[in-house]
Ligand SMILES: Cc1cc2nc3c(=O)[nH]c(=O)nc-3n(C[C@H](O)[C@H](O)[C@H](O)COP(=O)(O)OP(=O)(O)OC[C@H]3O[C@@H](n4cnc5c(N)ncnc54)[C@H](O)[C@@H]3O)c2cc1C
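Starting off, we have a lone chain in the form predicted on its own, written out as C-alpha cells.
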C-alpha cells in the first residue's frame, strides 16, 4: 500500500468519517485511521439514534443546522438508506427558564418557525407528556432522529467508494510535523500527507500532546438508556417527538429523549457526566443514572416509565463552555482539529467534515466558526 496521501484523518467516528467522505468525493487521496473497528462502541458515535434539530440556544448552531439537514438528505440519497427520520421536537421548562428563552430567540433570529404551548396545549398535542401547570413547551416541526451507527457506516463506506483508504484497528503511536506536511506512525507502519485532520473524540488530549498542543478537553462518562413503555406505538416516530427538558437543577444534568427507533425502546439520557478515562476497560452503566431518569419519567412521561431494558456507556468530550473546537493548529496550519463536540455534535457531522476539509486544504471556510476557535482557551497576552 502507498504510504503517501493528500490528507490523513485520525478517528473514524461521525466527524472523521464525514471528513474522509468529503475529501475523497472531490478527488483527494485520503487515509482514514481508526484505532478500533469502524463503528466501535468505545467512543461517542455508536448507537441506535441521535437527535437532529434546529432548536439551539445559540444562533450559530441554528445556522449550522440549516446546512446539516440537506447534507443528511443528500447522504441518504447517495447511500440509498433512510438515515434521517422526521419526528418533530420539543423543549420544555418552567416559565422563565433562560435556556428555553434563548432557544426561542435563536430560532426567531434565524427565521425558523416554532410554536410555544402551555401545559394544556402540550397535553393535547402530545398526551404522553404530563407537564406541571407552570411549564411551557416549544415545538419545532422539522426535528428528527438519525440512525447513528448506520450514518457512520454509510459515511465510511462512501468514503471508500470514492477512493479513500480505511485502516481500522490501527492505533496512532506518534505524529511528526514538518513545515508543510505530517508523518503519522501507526501500528501498521508510517504514513505521510500534506494535510492532517484530527477528529478522535475522547482520545484527542493524548493525540494533541503529540503535536505539542493542549486544550481543556475533558472526556466524561454518559450513558444511553432504553425503556419499555405501556403503549409502544405511542412512543414511535410519528407519534412521539424528540425532547429536551430544561431541568438541570432537578436532575443534575439536562434530560433528553428520543422515540423508539427500529424497536430500540424509548431512549432517555442526561446531557453530561463525570470525568472518565477512555482507556478504562470497565464500561458498566450507572444504576444511579437509571434511577434518576426513572424519577424524571414518572413525573413527566408516566407512560414511558417502564422497565429499563438496556443501558450502555457513551463518552462525551467536553469543553468548559460546551462549544466545539474547529480550528487549525496555531503553529502548524496544515493540521485541522475537531474536538467535538460536548455531546451535541453528531447532527452536524456532515458539515463539520466539510469544514475540516475546507480548513485543511484552503485555510478557511464559508461557515461562521468563530465561536469554535481554539484561541478562546489561550491565556491572555
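Residue numbers count along the first chain shown, from 1. What you are looking at is a predicted structure, and each value in this text was computed from that prediction instead of being measured.
Below: the form predicted together with the ligand, not depicted.
**Student:** Going by a heavy atom distance of 4.5 Å, is residue 199 a contact of the ligand in the model of the complex?
**Tutor:** Close contact exists here: in the model of the complex, residue 199 approaches the ligand to within 4.5 Å, heavy atoms only.
**Student:** In the model of the complex, does residue 86 have a heavy atom within 4.5 Å of the ligand?
**Tutor:** Contact check for residue 86: no, nothing within 4.5 Å of the ligand in the model of the complex.
**Student:** Answer for residue 251 alone: is it within 4.5 Å of the ligand in the model of the complex, judged on heavy atom distances?
**Tutor:** Outside the cut-off, so no.
**Student:** Given that the partner is absent here, does residue 100 sit within 4.5 Å of the ligand in the model of the complex, heavy atoms only?
**Tutor:** Taking the distances in the model of the complex, the answer for residue 100 is no, it never comes within 4.5 Å of the ligand.
**Student:** Considering 296, 117, 114, 256, which brings a non-hydrogen atom within 4.5 Å of the ligand in the model of the complex?
**Tutor:** Exactly one residue meets the criterion: 256.
**Student:** Would you kindly say which of 51, 325, 335, 351 lies with a heavy atom within 4.5 Å of the ligand in the model of the complex?
**Tutor:** It is 51.
**Student:** So if I measure heavy atom distances to the ligand in the model of the complex, which of the stretches 326 to 334, 39 to 47, 58 to 66, 22 to 30 falls within 4.5 Å?
**Tutor:** Going by heavy atoms within 4.5 Å, the stretch is 39 to 47.
**Student:** Let me test this: is every residue among 81, 265 and 311 within 4.5 Å of the ligand in the model of the complex, going by heavy atom positions?
**Tutor:** Checking in the model of the complex: none of 81, 265 and 311 is within 4.5 Å of the ligand.
**Student:** At a 4.5 angstroms cut-off on non-hydrogen atoms, which residues of 9 to 24 are near the ligand in the model of the complex? List them in order.
**Tutor:** 10, 11, 12, 13, 14, 15, 16 sit within 4.5 Å of the partner.
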